[in-house]
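Consider the single chain below, provided in structure tokens and representing the form predicted on its own.
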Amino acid sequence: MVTILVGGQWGDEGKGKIVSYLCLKDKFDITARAGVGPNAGHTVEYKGKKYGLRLVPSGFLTEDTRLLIGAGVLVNPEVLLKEISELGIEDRFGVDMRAGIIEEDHIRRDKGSSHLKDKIGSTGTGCGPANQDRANRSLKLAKDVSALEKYITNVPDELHKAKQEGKKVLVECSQGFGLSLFYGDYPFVTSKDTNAAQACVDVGVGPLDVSDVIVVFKSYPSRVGEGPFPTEMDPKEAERLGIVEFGTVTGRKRRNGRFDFELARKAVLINSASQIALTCIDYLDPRNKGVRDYELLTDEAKAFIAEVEDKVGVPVTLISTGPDLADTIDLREEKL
């Protein structure tokens, strides 16, 4: 069984928390990272400790979970090795031999490009130039990096073996639907697609292997960097609502806005989403913060959840009411 978790807005939806929650709750045997690379950060907060990840899958908290990075993901060895060491996951981590390698020249080109840095709002992590070199067939691969030698594996082989053994696999995407190279607001997008179909390619599974696609939406979406944001609110209004956020990778202040139902419908359609995880429901009203029982949510929150389900057409099965993994309402048994 393969479940894919994908972002439905411009990233920053809270995918890291939902992945970690699912791994702890459902005991996934493998979490495989798809997506672009270290330009996307996932934050996990558990028992008062906060983890900021750029490459390692967010399922690391579950001790028996195998952690993999797919061939479609770009890897900065320095960033990756630091995360592996800090998290102490050396014995259960693997990176596909075909994953692309980000080198110093890619970072230099990324930061030095006025088009990428100033107009597009690139993170400067080298992902765009590295993907450009990959298309030109001139990119170094993980199997060519001696420092990664002990972690090199064949991710599709591992995933298909897991499938044959009846194990559970969670594929973690990065960024979000609105940043897709093909379906976002071009040119204010990332350097590849960010959707569930691309995630299959990234880790080496086929569409028929996928049983569920969970799309994550934030109650008040946010965006880091340049680009259209139809429902963006004035920064003063966001501050009044207590919404002040900064990007995990860049530290840049996020732009915030109202929920965009049209964007959500498009994300659900293109990702064939079967479930919705709705995060930051506490932004609607501070009284929702930390609530772990659906019946204890405010009427405003319940009405919003119902509106999302009605207008988007997919059940809201997971509701996040705060940053800690325990601050989660799980309605899957009731709605699926």
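Numbers for residues come from their place in the sequence shown, where the first is 1. As the structure is a computational prediction, the values presented were derived from the model and not from experiment.
If you look for the form predicted in complex with inosinic acid (IMP), you will not find it shown, but the lines that follow are about it.
Report yes if all three of T31, I69 and G204 come within 4.5 Å of inosinic acid (IMP) in the predicted bound form by some heavy atom, otherwise no.
The answer is no; none of T31, I69 and G204 reaches inosinic acid (IMP).
Only one of 32-40, 269-277, 305-313, 291-299 has heavy atoms within 4.5 Å of inosinic acid (IMP) in the predicted bound form; I'd like to know which.
Heavy-atom contact with the partner occurs in 32-40.
Would you check, heavy atoms only and a 4.5 Å threshold, whether N76 touches inosinic acid (IMP) in the predicted bound form?
Judged by the heavy-atom cut-off of 4.5 Å, N76 is well away from inosinic acid (IMP) in the predicted bound form.
Is there a heavy atom of R252 lying 4.5 Å or less from a heavy atom of inosinic acid (IMP) in the predicted bound form?
Yes, R252 sits close enough to inosinic acid (IMP) in the predicted bound form that at least one of its heavy atoms falls within 4.5 Å.
Touches inosinic acid (IMP) in the predicted bound form: G124 (any heavy atom, 4.5 Å)
Yes, G124 sits close enough to inosinic acid (IMP) in the predicted bound form that at least one of its heavy atoms falls within 4.5 Å.
Is V189 close enough to inosinic acid (IMP) in the predicted bound form to count, meaning some heavy atom within 4.5 Å?
Judged by the heavy-atom cut-off of 4.5 Å, V189 is in contact with inosinic acid (IMP) in the predicted bound form.
Which pick from E83, E226, E158, D133 sits with a heavy atom within 4.5 Å of inosinic acid (IMP) in the predicted bound form?
By the 4.5 Å heavy-atom cutoff, the listed residue in contact is E226.
I need to confirm a contact call. Of A162, I120, L141, A197, which residue comes within 4.5 Å of inosinic acid (IMP) in the predicted bound form, counting heavy atoms only?
The residue in contact is I120.
Using a 4.5 Å heavy atom cutoff, which residues in 1-34 contact inosinic acid (IMP) in the predicted bound form? It's fine if the answer is none.
Those in contact are W10, G11, D12.
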